[in-house]
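Only one chain is included here, represented as structure tokens and corresponding to the form predicted alone.
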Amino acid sequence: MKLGVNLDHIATLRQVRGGVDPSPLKAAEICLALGADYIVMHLRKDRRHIQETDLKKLAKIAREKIHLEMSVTKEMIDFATSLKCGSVCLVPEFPNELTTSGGLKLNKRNLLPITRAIKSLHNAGIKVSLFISPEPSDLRAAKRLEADIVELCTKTYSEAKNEKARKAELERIEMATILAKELDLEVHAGHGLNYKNVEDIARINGMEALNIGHAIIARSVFRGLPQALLDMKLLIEAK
């Protein structure tokens, strides 16, 4: 099971004062040294946390370890292709949202720009992931679009109000993973995963990587980043 550590919240804390600390680059170095498989950074249109300079600095030491989350815009595609990072995850993005609120809508309106984005990224040698809901129709659409990876949105799972709802959503994610593997897609999952709910997702047969940020960074305030990272790795590798 691979672990991608999202460092957006390190940058959020830095941006509060507009200085240089805490450094996302230093956090990335710590995470990679302690076993994170790659670093997730979301370059938003509003630049509320991660900046282009963060990604450029990380690219100098671990370009292939960058998993860049971004919206489907020409500006972002141009930046990603110039950065030549290891992989890109295309996500929906809306003004004033606290965090990504759900999966991409793979409808007729969005198919053409997503198709063009995937082609441009592939031409630059970049693997492409689509952040989608665990729905069969979205998985089949991702395959038709020639995505390499699907990241299954675990928002509904992580926000379930009771055990019955949680188990129902877990089963939906399990079935989506089976279908994704049948379609020869690499399977990731993320959104709201934490130290209390991650283990059942990590146990899913065919699940290959989990992308986690807020929970790790929040725990690091009290336990330190190295220990917070190791705590998470122990949970997802315990299966």
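Residues carry their position along the shown sequence, with the first being 1. Since the model is a prediction, treat every value here as computed from it, not as a measurement.
The form predicted together with pyridoxine-5'-phosphate exists for this protein as well; it is not shown, and the discussion that follows is about that form.
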| item | value |
| --- | --- |
| pyridoxine-5'-phosphate in the model of the complex: contacting segment from 187-195, 200-208, 173-181, 55-63, heavy atom within 4.5 Å | 187-195 |
| Contact assignment for pyridoxine-5'-phosphate in the model of the complex, among C31, I212, L68, I50, heavy atom within 4.5 Å | I212 |
| Answer option from C85, A147, V91, A117, heavy atom within 4.5 Å of pyridoxine-5'-phosphate in the model of the complex | V91 |
| In the model of the complex, Y157 touching pyridoxine-5'-phosphate (heavy atom, 4.5 Å) | no |
| Residue contact check: N107 to pyridoxine-5'-phosphate in the model of the complex, 4.5 Å heavy atom | no |
| Touches pyridoxine-5'-phosphate in the model of the complex: T99 (any heavy atom, 4.5 Å) | yes |
| Interface residues of 1-27 toward pyridoxine-5'-phosphate, as seen in the model of the complex [heavy atoms, 4.5 Å] | N6, D8 |
